[in-house]
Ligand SMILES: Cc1cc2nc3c(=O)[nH]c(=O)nc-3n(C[C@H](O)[C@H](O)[C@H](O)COP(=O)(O)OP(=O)(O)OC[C@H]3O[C@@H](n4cnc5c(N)ncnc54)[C@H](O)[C@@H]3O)c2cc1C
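One chain follows as structure tokens, the form predicted alone.
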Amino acid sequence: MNASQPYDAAIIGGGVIGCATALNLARGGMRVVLFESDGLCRAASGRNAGTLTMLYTRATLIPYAIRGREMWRDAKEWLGRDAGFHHRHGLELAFSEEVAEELAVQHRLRSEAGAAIEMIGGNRAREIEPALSEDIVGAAYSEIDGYAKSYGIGILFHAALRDAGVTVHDGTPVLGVEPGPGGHVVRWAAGEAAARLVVMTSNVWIGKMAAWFGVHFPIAIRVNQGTISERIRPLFKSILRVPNELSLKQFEDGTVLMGGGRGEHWVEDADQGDVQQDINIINSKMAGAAECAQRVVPALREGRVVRTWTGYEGFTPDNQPLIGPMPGVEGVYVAACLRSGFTIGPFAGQLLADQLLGREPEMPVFASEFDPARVVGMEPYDTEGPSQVA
């Protein structure tokens, strides 16, 4: 395929949202090409914990997260393959009455948005998970939680995209997008391809891509961190979380995944992230995650940490996603910086594809609160301030 034989759509970014968008567009009759600089779902989509939760999804995104979780549960129907979905309960834990009161305020908003979350006391939390510490005084409880196996999603999408006829260029960084016959021309080192529509889903790289069109998106880039233990005896089944510190889950093989750790870690440029990351912060967060995990489940002291890794996540100034047309550019669209992006990703891709195919989306996707134009001229996300979670 060359610039004289245009595609209907070019997707730049092979994470969950990009892959789901490409898959749905192709099944809707479009001829689609997808570009990914690494492997499919190898960046944020594959380095996250795979958690499918309502407990730390923004209230405005709860309806989308509910549907996204349902799609992961039913992945065999639309992806053609099981995605390793596991239903689990979710508990967000408080070690003080003050934190329990803060959780009650936050989760009231989520409950009003449709999430089945209730506040319970420490004793009830220990009835659900007997291994929990006696220091826990309260918790937010969700019956609907769980996880999918994020580390294997790229392989599943690759097969589904192939079956749908999508041309996949993985390991192919895009160098730019320019006006061309019938739409746009996407350039990479080994060639170029014309497309009527371009959809950019490259998350932390979306600021650089917007600059191709003279648009400035003030994106902040957070370093997310995961730490995993050796295999130990079964201790808990629920997905556990300590606000602003840790998420915790135990897999069927006995390993325990600790997401996060104390303190935020930011870089200015994802392409230079390996250089800009601070190894002292990485080590500190790993130690903090292990310490916090032992405070939550004291029996975890019998296990040892095996490894830790990092990934990147993009933040807009108002902590809402960028989904919609590129400001001032015909035929170019953006879908990036979506909080709870792994949970919502399949549904976001379906909604975006329906919009571009001229169908009525199940829920609003080109909504004013998601419009990329709104962030132009905003001050960047305050990386020194408190996390915006509600």
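Because the structure is predicted, anything quoted here is derived from the model rather than measured. Numbers follow the displayed sequence, beginning with 1.
Another form exists, predicted in complex with the ligand; not displayed. Remarks below refer to it.
Tell me, which of V33, A26, I62, A44 has a heavy atom within 4.5 angstroms of the ligand in the model of the complex?
Selected option: A44.
Pick from T255, N224, T308, T167: which has a non-hydrogen atom within 4.5 Å of the ligand in the model of the complex?
Answer to the contact question: N224.
Using a 4.5 angstroms cut-off on non-hydrogen atoms, would V332 count as touching the ligand in the model of the complex?
No, V332 stays farther than 4.5 Å from the ligand in the model of the complex.
Indicate whether the ligand has at least one heavy atom within 4.5 Å of a heavy atom of L338 in the model of the complex.
Yes - in the model of the complex, heavy atoms of L338 and the ligand come within 4.5 Å of each other.
With the cut-off set at 4.5 Å between non-hydrogen atoms, does S37 touch the ligand in the model of the complex?
Output for S37 is yes: heavy atoms within 4.5 Å of the ligand.
Partner contact for T172 in the model of the complex: the ligand, 4.5 angstroms, heavy atom:
Judged by the heavy-atom cut-off of 4.5 Å, T172 is in contact with the ligand in the model of the complex.
Check for me: heavy atom within 4.5 Å of the ligand in the model of the complex, for each of V199, T316 and G349, yes or no.
Per the other structure, none of V199, T316 and G349 touch the ligand.
From the candidate stretches 131 to 139, 308 to 316, 103 to 111, 273 to 281, select the single one in contact with the ligand in the model of the complex, where contact means a heavy atom within 4.5 Å.
This holds for exactly one stretch, 308 to 316.
Considering only 52 to 80, what residues come within 4.5 Å of the ligand in the model of the complex, judged by heavy atoms?
Heavy-atom contacts within 4.5 Å come from Y56 alone.
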